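Below, in structure tokens: the form predicted on its own, a single chain.
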Amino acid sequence: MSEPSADAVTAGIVVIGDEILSGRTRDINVQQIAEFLAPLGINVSEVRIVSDVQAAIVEAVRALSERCTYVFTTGGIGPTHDDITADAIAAAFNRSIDVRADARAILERWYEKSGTELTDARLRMARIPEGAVLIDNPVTGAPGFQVENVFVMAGVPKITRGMLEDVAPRLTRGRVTHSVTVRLENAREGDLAADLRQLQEAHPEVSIGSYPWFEDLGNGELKRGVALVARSVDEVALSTVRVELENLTEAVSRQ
């Protein structure tokens, strides 16, 4: 695999929640965030899933904040006792946290429209770390926030997607990574391993991966194959590798 360039724009994701770790809830935010960032030239370089424990959140956020251009967290900014992300982010950056007037005003407007009481529990969602910039939530109103290079968002995928729209203008764009896929039927990864290694060594600016696939044909029959995926910001180099991958698969098919 090719190494990211020094000027690459990268992202880390911290998924927060015991419900994810237990398997009760399936996370789809990682895929959603990665797909949103890719056209902006921002590639996700690391993902962590952590429990609803402040020390775990603080450690993960600090680590990724140092290594990545941006960090996105999902989950833990709701109104219940186990929603501790806001406090953890404040602790990670040594900032105070309290109900903030602008965040409270947003909640008041949203709950007034639906005739719902703004309880003390709901008011927890207006607790914002000192100096943070709010992230608009067009779905339920309760804002996320940004502290330095960390964007703190809700765990509900629809809300996360809405918040990303507000975040996008704040992000520095990078070079977009392009990809090509060459599929080969009736082959195993071992049939291609040596040639792929040589191809990768010859083109370090391109990331080359192989991924086996299987298709159940019924009656106990199974079709198998390998998908070869090449990724790079260099479209010329990528085009060259694509031709070589196609030549390789043709050679293997004739064997």
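Each residue number is its position in the shown sequence, starting from 1. In this text, all values refer to a predicted model and were calculated from it rather than measured experimentally. Rigid core: the largest C-alpha set superposing within 1.5 Å between the two forms.
Not pictured, yet referred to below: the form predicted in complex with a further copy of the same chain.
- Although the partner is absent from this view, F93 stays clear of a further copy of the same chain in the model of the complex, with no non-hydrogen atom inside 4.5 angstroms.
- Contact check for T119: a non-hydrogen atom falls within 4.5 Å of a further copy of the same chain in the model of the complex.
- For T25, a non-hydrogen atom is located within 4.5 Å of a further copy of the same chain in the model of the complex, even though that partner is not displayed.
- Using a 4.5 angstroms threshold between heavy atoms, G131 stays clear of a further copy of the same chain in the model of the complex.
- No member of the trio C68, E246 and V252 reaches a further copy of the same chain in the model of the complex with any non-hydrogen atom inside 4.5 Å.
- Only one of 82-90, 101-109, 164-172, 145-153 lies within 4.5 Å of a further copy of the same chain in the model of the complex by heavy atoms, and it is 82-90.
- Residues from 202-217 that approach a further copy of the same chain in the model of the complex with a non-hydrogen atom closer than or equal to 4.5 Å are S207, I208, G209, S210, Y211, P212, F214, D216, in the order they occur in the chain.
- The Cα position of G218 differs by 2 Å or more between this form and the one not shown after fitting on the rigid core.
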